[in-house]
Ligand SMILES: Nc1ncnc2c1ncn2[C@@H]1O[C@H](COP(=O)(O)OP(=O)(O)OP(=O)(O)O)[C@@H](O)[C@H]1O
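Shown below, as structure tokens, is a lone chain in the form predicted on its own; questions about how it binds or moves come after it.
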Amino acid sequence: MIEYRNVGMAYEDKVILDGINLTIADGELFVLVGPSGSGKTTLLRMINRLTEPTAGDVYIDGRRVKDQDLRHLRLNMGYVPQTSSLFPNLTVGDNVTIQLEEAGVKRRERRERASFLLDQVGLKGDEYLDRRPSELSGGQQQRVAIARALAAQPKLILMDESFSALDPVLRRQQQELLLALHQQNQDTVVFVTHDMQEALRLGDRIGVIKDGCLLQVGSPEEIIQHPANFFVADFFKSARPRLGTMAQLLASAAVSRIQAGSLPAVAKVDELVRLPDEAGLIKFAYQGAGYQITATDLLRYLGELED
């Protein structure tokens, strides 16, 4: 668990972050979103001590990060920056396992781990292990960077605008990869973005930051349906997806069939946004058949219609 306790950051007379209190649960994919210069990257970089707060403290599992050995701290978390930052003089395999080499893992074990991880991110290990970064596309390089972040099997992965330099098609592919890996590995991910649609698509919960202040923390559906103030509502206004048709929705993998029973009948997709129960589950009837979908999956599906 990550905790920010009254965290602040100031450079001379400029306030970057002001009184941030935030808890991120184990196994959560938490997204920090806000305009450029809002302080979200600064907040992220405090976790791995690339930036030190000038007020308050950051804790991981109850221990202040500033009290922990810096090398050990960073070896136990993954970090994926905006650009892949691969070492051009190293092979793909050596890039993936550079942390393991520093930890003293033998070369044979490192190559086996690199091959496994490359397979996991959709790059065949036997084909890519001995290539150089210059032989890869931008999307492939970013997949290698994700594999590198997973190499030491960290419980925590930090991602700072990791997909923002990619074109829309590659960006969508990387988002799909991240969601699949997160579901598989159940690690904690803190993801920074300025893209509202990306935040809604990826986040289990979202923290909205503006001018160094944390304005709202909530699930994607809470952010959309119950914005804390005008800024949050206006910021996400352009991210509200068009709704599409019921036929399109029911043809997607996001919806499952259930007994119709006494479920509320709907005729259009926009009627579903009023139906989530306390657990975020939407159950409804359409043309006599019963269906269900989670509110989060509905938002993610609708977000895909925008691309």
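What you see is a predicted model, and the numbers here were worked out from it, not measured in a lab. Quick note: we count residues from 1 along the sequence shown, nothing fancier.
From this point on, the text means the form predicted in complex with this ligand, which you will not see here.
- In summary, among the residues Glu198, Glu222, Glu161, Asp94, the only one with a non-hydrogen atom within 4.5 Å of this ligand in the predicted bound form is Glu161.
- The partner is absent here; in the predicted bound form, the one residue of Pro264, Gly37, Gly56, Gly27 having a heavy atom within 4.5 Å of this ligand is Gly37.
- Partner contact region in the predicted bound form: 38-46, out of 248-256, 38-46, 273-281, 59-67, criterion any non-hydrogen atom within 4.5 Å of this ligand.
- By the 4.5 Å heavy atom rule, the three marked residues Tyr11, Lys14 and Gln82 all count as contacting this ligand in the predicted bound form.
- With a change of no less than 3 Å, the CA-CA distance between Thr83 and Leu177 is larger in the predicted bound form than in the form shown.
- The pair Thr83 and Ala180 is looser in the predicted bound form: their Cα-Cα distance rises by no less than 3 Å compared with this form.
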